[in-house]
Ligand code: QUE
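Take a look at this one chain, the form predicted alone, written out in structure tokens.
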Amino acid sequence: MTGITISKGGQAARLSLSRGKALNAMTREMCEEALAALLAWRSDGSVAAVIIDHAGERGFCAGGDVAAVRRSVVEEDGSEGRAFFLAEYRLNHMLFSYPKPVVTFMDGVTMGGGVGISLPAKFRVATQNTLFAMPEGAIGLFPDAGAGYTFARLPGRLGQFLALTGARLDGAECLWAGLATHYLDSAAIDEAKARIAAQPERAEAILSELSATPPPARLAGNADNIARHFASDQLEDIVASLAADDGKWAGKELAAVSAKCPTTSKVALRLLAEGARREDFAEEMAREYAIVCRMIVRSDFAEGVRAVLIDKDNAPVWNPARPEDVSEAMLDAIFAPLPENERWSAFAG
């Protein structure tokens, strides 16, 4: 069993993440199986919409299986780790460019790779169970899976805030931020799926009809703070701005930013600055693939996964440890194109 259940019902096809013990963390096999199914459904006249959800009671998707990627890099030659990101990014791109409407139900933990299979969907449904975050900075990676494109388009420097703090948003905050298109009570999800399968052409109307009124978005109260403190594309400026504010909120976010890998944070800021100008999502995925191939072999990645997922001491030792020691030359090397024969390409099917 790969951890993904593929089915069809009515006029909708369905990808259900079913690796519950691992919070549905995506593996290479899951990405490749999803890709193959989407390719088949693309030309299947009986499929008018695609639903992505999770089986069981545990969260939607906690991300990619980064522990397996770390093993590939530390114990082997890293090729399996690169193959995972190749497949994952191809899946992200296929969802972004898919010719039929995709509806993702983010009914639970939606982090990392889970964000990557949610934000490219046409319809993104949050609930009272949604817990959304891109926490890659804590493990020496960067917000990827298309976040360089999607986060760059969020208003008010929200993308930069999410990338640098790893902030966790609930469903109401996701709707307010534009990360979700609809907010439903989780009790209405089964009805939504059944009605969409029966009338896929009414998917948007069905989701609107079943929408619930969310509670106030707590993040909205700090929108001005976010826009002001995270206005710069330079990490040192953001840290200085937060440090100069003696408010409780600024102190909390300064601690969050300071705990993340400095190289990761600088990579994220440059990636989002580029992504705001990028028009081609495939170009974004090629760029992120080049970056991730270099980031997973850095000591920060092995150290971050160790601290968060293996030893769980949450005390990583970053190298470099200070933002000012991450030079532009280091970033240029990380962002440099891969050799022609190693570059990412979209799924060719």
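Just so you know, these numbers come straight off a predicted model, no measurement behind them. Start at 1 and count along the sequence shown; that's the residue number.
Below: the form predicted in complex with the named molecule, not depicted.
**Q** Quick one: from Ile139, Ala145, Ala163, Ala180, grab the residue that has a heavy atom within 4.5 Å of the named molecule in the model of the complex.
**A** Only one option qualifies, and that one is Ile139.
**Q** Within 4.5 Å, heavy atoms only, which of Ile296, Ala62, Cys31, Val50 is in contact with the named molecule in the model of the complex?
**A** That would be Ala62.
**Q** Choose one stretch from 335-343, 5-13, 322-330, 20-28: the one whose residues place a heavy atom within 4.5 angstroms of the named molecule in the model of the complex.
**A** Of the options, only 20-28 has residues within 4.5 Å of the partner.
**Q** Does any part of Val308 reach within 4.5 Å of the named molecule in the model of the complex? Heavy atoms only, please.
**A** Contact with the named molecule, yes.
**Q** Can you tell me whether Ile291 touches the named molecule? I mean in the model of the complex, with a 4.5 angstroms heavy atom cut-off.
**A** Looking in the model of the complex, residue contacts with the named molecule do not include Ile291, since no heavy atom lies within 4.5 Å.
**Q** Within a 4.5 Å heavy atom cut-off, is Pro135 in contact with the named molecule in the model of the complex?
**A** Yes - in the model of the complex, heavy atoms of Pro135 and the named molecule come within 4.5 Å of each other.
**Q** Answer with yes or no whether Val69 is in contact with the named molecule in the model of the complex, where contact means some heavy atom within 4.5 Å.
**A** Contact check for Val69: no, nothing within 4.5 Å of the named molecule in the model of the complex.
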